[in-house]
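Form predicted on its own, single chain, as structure tokens, below.
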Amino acid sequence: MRGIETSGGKISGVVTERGSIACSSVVLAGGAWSSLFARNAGIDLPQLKVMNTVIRTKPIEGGPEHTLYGKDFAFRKRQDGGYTIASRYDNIVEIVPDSFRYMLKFLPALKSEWRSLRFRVSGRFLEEGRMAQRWRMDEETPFERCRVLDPKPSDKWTNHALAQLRQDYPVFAKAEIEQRWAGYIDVSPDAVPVISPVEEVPGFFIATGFSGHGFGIGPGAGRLMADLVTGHTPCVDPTPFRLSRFFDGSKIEVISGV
């Protein structure tokens, strides 16, 4: 999707690279791309990206059935008998232009979670600095130039996590790594998602900033968003998830341990 169309100040459609689609409501659920998309629509959405790497092992006989999130590692058994393993400290924050744009709003999160964050300056700064921040509906967008965000995995902290896991759980001593992959987590200043209408543009809704918990709370978030879009009584109080909390003077309270 390239952008939204409005008529009389309300949503009237969306524009894709293949043409326009008329509609009265649209939901932006673009993950790590959401802030840039919203910016082109004139909406300020404070959001940054955190990169995390995980490893997948080959099946391990006699391994634990439970899921665990500990000091140095987290693991979950997969259906094939292998395990997904991650490090609590393998949260790489690329320094990019948005880091400075939203610095003040993310200061509480920095103070709360600095032990688990690894800041890095790389070519990503220039790459994002060159990205168009505004575009016309007849122009190619950054999302069309980069269809998939596929960052290079970081070995250091996943190796550390696996080493600690082997020490605490000897059954993992012979664990073989089948795959490593990395991804960008869309994070909000308080680690709470934005599931909200955009007051300035009736008919425009945002669902993003899940801060690493999207798979867990996705079904509930989808239900809440559906209620908001259709005008039904919300399944839960949507107030804590409103976009305006970042601009109405509310204190940013960070959910610890995210």
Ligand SMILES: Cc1cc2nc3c(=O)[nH]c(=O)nc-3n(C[C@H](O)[C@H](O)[C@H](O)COP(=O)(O)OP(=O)(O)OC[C@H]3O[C@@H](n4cnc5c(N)ncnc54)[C@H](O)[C@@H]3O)c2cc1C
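Keep in mind it's a predicted model, so treat the numbers as computed, not measured. Each residue number is its position in the shown sequence, starting from 1.
Not pictured, yet referred to below: the form predicted together with the ligand.
Tell me, yes or no, whether Phe143 is in contact with the ligand in the predicted bound form, where a contact means a heavy atom of each within 4.5 Å. Yes, Phe143 lies within 4.5 Å of the ligand in the predicted bound form.
Since only the chain is shown here, I'm wondering whether Trp181 would be in contact with the ligand in the predicted bound form (any heavy atom pair within 4.5 Å). Although the ligand is absent here, Trp181 would touch it in the predicted bound form, with heavy atoms inside 4.5 Å.
In the predicted bound form, does Arg147 come within 4.5 Å of the ligand, counting heavy atoms only? Result yes; Arg147 sits at the interface with the ligand in the predicted bound form.
Heavy atom to heavy atom, is Gly212 within 4.5 Å of the ligand in the predicted bound form? Although the ligand is absent here, Gly212 would touch it in the predicted bound form, with heavy atoms inside 4.5 Å.
Which is the contacting stretch out of 195 to 203, 60 to 68, 212 to 220, 225 to 233, given heavy atoms within 4.5 Å of the ligand in the predicted bound form? Contact criterion met by 212 to 220 only.
Check Gly30, Trp33 and Phe37: does every one of them have a heavy atom within 4.5 Å of the ligand in the predicted bound form? The answer is yes; Gly30, Trp33 and Phe37 each reach the ligand.
Heavy atom within 4.5 Å of the ligand in the predicted bound form - residue from Ala191, Val54, Ile43, Val26: When the ligand is considered in the predicted bound form, the option within 4.5 Å is Val54.
With the ligand left out of view, which of Ala109, Ala175, Ile185, Val93 would have a heavy atom within 4.5 Å of it in the predicted bound form? None of the others qualify; the residue that does is Ile185.
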